[in-house]
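One chain is shown next in structure tokens, namely the form predicted on its own.
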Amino acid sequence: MKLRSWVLIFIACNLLTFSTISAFRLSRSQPTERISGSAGDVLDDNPVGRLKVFVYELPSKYNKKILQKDPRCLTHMFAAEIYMQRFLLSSPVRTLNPEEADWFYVPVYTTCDLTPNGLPLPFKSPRMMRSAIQLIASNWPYWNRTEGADHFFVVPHDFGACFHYQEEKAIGRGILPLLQRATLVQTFGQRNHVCLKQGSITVPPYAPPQKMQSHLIPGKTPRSIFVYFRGLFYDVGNDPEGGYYARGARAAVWENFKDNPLFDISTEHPTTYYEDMQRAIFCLCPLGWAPWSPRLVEAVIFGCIPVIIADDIVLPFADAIPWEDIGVFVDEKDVPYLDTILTSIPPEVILRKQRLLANPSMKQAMLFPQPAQPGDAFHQVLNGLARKLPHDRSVYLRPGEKLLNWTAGPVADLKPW
């Protein structure tokens, strides 16, 4: 183990303490690094005036009543579907005239049916989504004009519109057939995967901005932790034999580094979790059941270099955020060599990653704040929609033309909701 190298890195990283302050508190006097090139231009884009969105007014059983039944939905990692609707209802891009709309948004809360432990049950989601689509297709002409090609949905399930939390079963289900032409705004992103279709917009999971802000620590606090992680290494309840959960990557972290003094890792989730991330140089962001997790957002906000362990992951706003420059990517098969990989990174490379992480626009793009702020995740979604305009003429169907199969999919999905 290159303990000497780590000591040099630790000393260098604590010469600058700029990366512990989040976007909403960062001052101009703190050292940051400009995100140059197209990434910076995209982050700074202003979608207002570049597109108009019509928001369908659905019966409250598709959204508000579900939330009233379980307010926990407001704070869990899937809450982007709720806040996206709230944002659009008061956004300057909203139009009340559907004839002038570029995009149509269908507000359905498919992750708000929670277990006692707070986990979403996706099994009713396909029927709920089908019901909503049938409603808008019957009451407005716009869905039938394109069969959804100019519509977008927020589907923040583990595997998006495949609507299952276990990958094997999600793959077996595939994306809900009625959503095949729509644009999906989803947290799940993995290259060459049946649950990520071309043209989808990958977004960060929801992390409460006010909660994170309340845990900020003084900016001069040294980063005394080399590698930090809190979370499951095994999921005995759903994967009793091991090896399937996180494709074995989390288990490999624990087995190889549970006794390594450079690694502060545990299944315990302390009350100082956010503070500890601000004291760490590297924060592990391994896959779980899905490749994404809120740790990615938390690491960026708190200036902790994300160590991304999820092969083929498609990261949020990848056309806007220079993930290769701010993070460290480790193949799942290389987890046993994490200590060597991280201690081999030159101090100047770590310092540059921290300077980039301190950039306010980078942090802001990862958040869904209330109220919305320029450059936040809401605006990045609108930027993604704006960049898909104008719609190609091929999205509009000829009179009588039908492309979607309304009877496709598992029999259970076809039952009324």
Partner chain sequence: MALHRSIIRWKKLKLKKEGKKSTTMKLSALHQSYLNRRRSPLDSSVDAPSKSFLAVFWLVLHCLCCLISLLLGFRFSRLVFFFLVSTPTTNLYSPPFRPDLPPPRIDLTPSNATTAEAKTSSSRVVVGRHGILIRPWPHPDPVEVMKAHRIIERVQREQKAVFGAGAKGSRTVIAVTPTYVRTFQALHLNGVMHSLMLVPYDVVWIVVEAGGVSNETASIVAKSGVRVIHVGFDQRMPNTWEDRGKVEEEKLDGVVMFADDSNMHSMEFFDEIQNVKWFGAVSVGILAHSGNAEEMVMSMDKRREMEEEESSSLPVQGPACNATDKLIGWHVFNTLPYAGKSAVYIDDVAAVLPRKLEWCGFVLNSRILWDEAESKPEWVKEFGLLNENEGVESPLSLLNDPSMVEPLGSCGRQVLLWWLRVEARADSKFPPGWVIDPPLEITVAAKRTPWPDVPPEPPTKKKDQMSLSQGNNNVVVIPKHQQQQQQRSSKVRKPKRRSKRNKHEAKPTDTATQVSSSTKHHQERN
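Positions refer to the first chain, counted from 1. Quantities reported herein were computed from a predicted structural model and do not represent experimental measurements.
Not on display, but discussed next: the form predicted together with its partner chain.
Trainee: When its partner chain is placed as it is in the predicted complex, are 219, 247 and 312 each within 4.5 Å of it, taking any non-hydrogen atom of the residue?
Mentor: Every residue of the spot touches its partner chain in the predicted complex.
Trainee: Consider residue 190 of the chain shown here, and say whether it contacts its partner chain in the predicted complex, taking contact as heavy atoms within 4.5 Å.
Mentor: Judged by the heavy-atom cut-off of 4.5 Å, residue 190 is in contact with its partner chain in the predicted complex.
Trainee: Can you tell me whether residue 212 touches its partner chain? I mean in the predicted complex, with a 4.5 angstroms heavy atom cut-off.
Mentor: So residue 212 does not count as contacting its partner chain.
Trainee: Would you classify residue 171 as touching its partner chain in the predicted complex, given a 4.5 Å non-hydrogen atom cut-off?
Mentor: The answer is yes: residue 171 has a heavy atom within 4.5 Å of its partner chain.
Trainee: Hey, in the predicted complex, is residue 265 touching its partner chain, heavy atoms inside 4.5 Å?
Mentor: No, residue 265 sits far enough from its partner chain in the predicted complex that none of its heavy atoms falls within 4.5 Å.
Trainee: Of the residues 114, 93, 77, 251, which one places a heavy atom within 4.5 Å of its partner chain in the predicted complex?
Mentor: Result of the distance check: 251.
Trainee: Can you pick out, from 144, 344, 134, 272, the residue that has a heavy atom within 4.5 Å of its partner chain in the predicted complex?
Mentor: Checking each option against its partner chain in the predicted complex, the one that comes within 4.5 Å is 344.
Trainee: Counting only non-hydrogen atoms, choose the one of 221 to 229, 174 to 182, 79 to 87, 118 to 126 that falls within 4.5 Å of its partner chain in the predicted complex.
Mentor: Among the candidates, contact is made by 221 to 229.
Trainee: If we check its partner chain in the predicted complex, which of the residues in 226 to 244 reach within 4.5 angstroms of it by a non-hydrogen atom?
Mentor: Sequence-ordered list: 226, 234, 239, 241, 242, 243, 244.
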